[in-house]
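This document starts with one chain, in the form predicted alone, laid out as structure tokens.
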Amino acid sequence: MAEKTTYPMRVEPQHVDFTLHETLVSLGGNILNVAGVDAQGKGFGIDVLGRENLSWVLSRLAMEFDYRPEQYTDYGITTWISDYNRLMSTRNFTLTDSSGVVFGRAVSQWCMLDLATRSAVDMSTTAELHSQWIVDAPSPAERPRKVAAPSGELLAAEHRVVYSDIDFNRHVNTMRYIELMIDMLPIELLAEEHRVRMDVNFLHESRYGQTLAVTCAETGGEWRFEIRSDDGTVCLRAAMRFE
């Protein structure tokens, strides 16, 4: 029976903002890095998939943080896969401080991409890679929910996709999207500590040279975001709630 795996983390100065707490982007980046490291160590990472011209692509992500750890804090990220089907694999995470208290939870849903056709692969055809690593444990938080488009009075910004935005799949890096959204928020909101829940739906890839339109609006304490490419295609929708 497969078991959960834990990876050590430390909050260094380059990971914090002006409050001296780790940024949401750094926390999210660590979570996704752990996903990659764990997959590689167990034989189904992008190095293995790449030999067949395949790759992992994040489809939905939910993250919850009760607080953001301070500079020079040590913590651990535990990860496991709870299930998969033909189109989606669910990978889970908990973040635990040095005293053993869980302060963060995340649920991610991934599809396998054929890099030649840019279409999803039926994962039942590659089950031998990861079926043995399923852990009999539920997700630690509500799974990512479908997010509606922002409505009402919209804030808007534009961003041209440049070299530093793109990842190994040659599309915009996940955490770059989240940076673009966080940069739309009032600085006063980010200066205070809150419990945070974030749901992100990745709907279509955006690539080098495109100009992205980023819009957001706040309704009932929830900030909703939408990112469109210059041809009008919706690339991402997301929601953040600060409590």
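Quantities reported herein were computed from a predicted structural model and do not represent experimental measurements. Note that residue numbering begins at 1 and tracks the sequence as displayed.
In what follows, reference is made to the form predicted in complex with a further copy of the same chain, a form of this protein that is not presented.
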(request) Choose from 48-56, 197-205, 184-192, 211-219 the stretch whose residues reach within 4.5 Å of a further copy of the same chain in the model of the complex, heavy atoms counted. (result) 184-192
(message) Using a 4.5 angstroms cut-off on non-hydrogen atoms, would S229 count as touching a further copy of the same chain in the model of the complex?
(response) no
(message) With a cut-off of 4.5 Å between heavy atoms, is I166 one of the residues that contacts a further copy of the same chain in the model of the complex?
(response) yes
(message) Please determine whether V162 contacts a further copy of the same chain in the model of the complex, using a 4.5 Å cut-off between heavy atoms.
(response) yes
(message) I'd like to know whether E179 contacts a further copy of the same chain in the model of the complex, with contact meaning heavy atoms within 4.5 angstroms.
(response) yes
(message) Is it the case in the model of the complex that Q14, L20 and Q40 each bring at least one heavy atom within 4.5 Å of a further copy of the same chain?
(response) yes
(message) Within 4.5 Å of a further copy of the same chain in the model of the complex, counting any non-hydrogen atom, which residues from 60-87 show up?
(response) R68, Y72
